[in-house]
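The data below hold one chain only, encoded as structure tokens and taken in the form predicted on its own.
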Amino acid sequence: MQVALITGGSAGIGRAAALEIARSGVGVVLTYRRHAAEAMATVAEIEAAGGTAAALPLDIGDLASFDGFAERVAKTLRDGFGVDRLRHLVNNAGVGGGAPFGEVSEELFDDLHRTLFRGPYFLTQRLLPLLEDGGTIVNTGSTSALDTGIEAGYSAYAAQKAAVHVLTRVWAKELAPRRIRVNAVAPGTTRTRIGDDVFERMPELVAQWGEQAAFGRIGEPEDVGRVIAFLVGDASAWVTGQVVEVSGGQGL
């Protein structure tokens, strides 16, 4: 049985990816930081549809916890799925946040760096021994790091996502001898709970930001989840080192 580990899988893009990947018959281990009930609800939904899933707590910004987390992943694979290796790793967990360049604090910068780049970087390094040869890695980047999505006030956030885009290509080169494919998705504005549920707090932004896309709406988690599922699937077997924009034509 193939198994995918999806960080930040309790809601939003991660949850959508977990559900879509599970539909293809792949087992899913998803992680959560604070929202255990939502994570368990996602597991229950996968199981109700005939799939196999598990949820594990993880703070992607806490590097000291990664050794223990890797041990829990290995145990979950053995006990819950009957395998000893992951086939797919989706680095999706993250946070949002912005401020004008002159107002970016060291605390904000460090928090974004720790969660969006440093954490996924070293978590992937720690999990490499558990990843099958011929497996896949998908990173969640952002259009904020592309020419189509440059916005004032997001220099610190966009810089971390740009780093994710670069490491995607370097990892693809380095891991090619193991036949591990590495790609990234770059979502445009997508309805998630990022920014302390900004779309719930400020619904007027939905229409305003939707106007920036060619299709006239913001993205839904399922729009991105389906592309992630494609990138871990056999249909993309000849695709590696790519950053795929998933934005509905944002900035066209």
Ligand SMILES: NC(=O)c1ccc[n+]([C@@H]2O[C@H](COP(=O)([O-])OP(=O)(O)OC[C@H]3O[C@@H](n4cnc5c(N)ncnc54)[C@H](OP(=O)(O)O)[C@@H]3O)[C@@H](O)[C@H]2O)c1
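Nothing here was measured: the structure is a model prediction, and the numbers come from that model. Don't overthink the numbering: it's just position in the shown sequence, from 1.
Not on display, but discussed next: the form predicted in complex with this ligand.
The partner is absent here; in the predicted complex, the one residue of 116, 86, 90, 182 having a heavy atom within 4.5 Å of this ligand is 116. No member of the trio 27, 172 and 231 reaches this ligand in the predicted complex with any non-hydrogen atom inside 4.5 Å.
You can rule out all but one of 101-109, 174-182, 156-164, 129-137: in the predicted complex, only 156-164 has residues with a heavy atom within 4.5 Å of this ligand.
When contacts are judged by a 4.5 Å heavy atom cut-off, residue 35 counts as touching this ligand in the predicted complex. In the predicted complex, residue 189 approaches this ligand with a heavy atom inside 4.5 Å. The closest heavy atom approach of residue 95 to this ligand in the predicted complex falls within 4.5 Å.
Contact between residue 13 and this ligand in the predicted complex is found at the 4.5 Å heavy atom cutoff. Along 39-70, residues 58, 59, 60, 61 each place a heavy atom within 4.5 Å of this ligand in the predicted complex.
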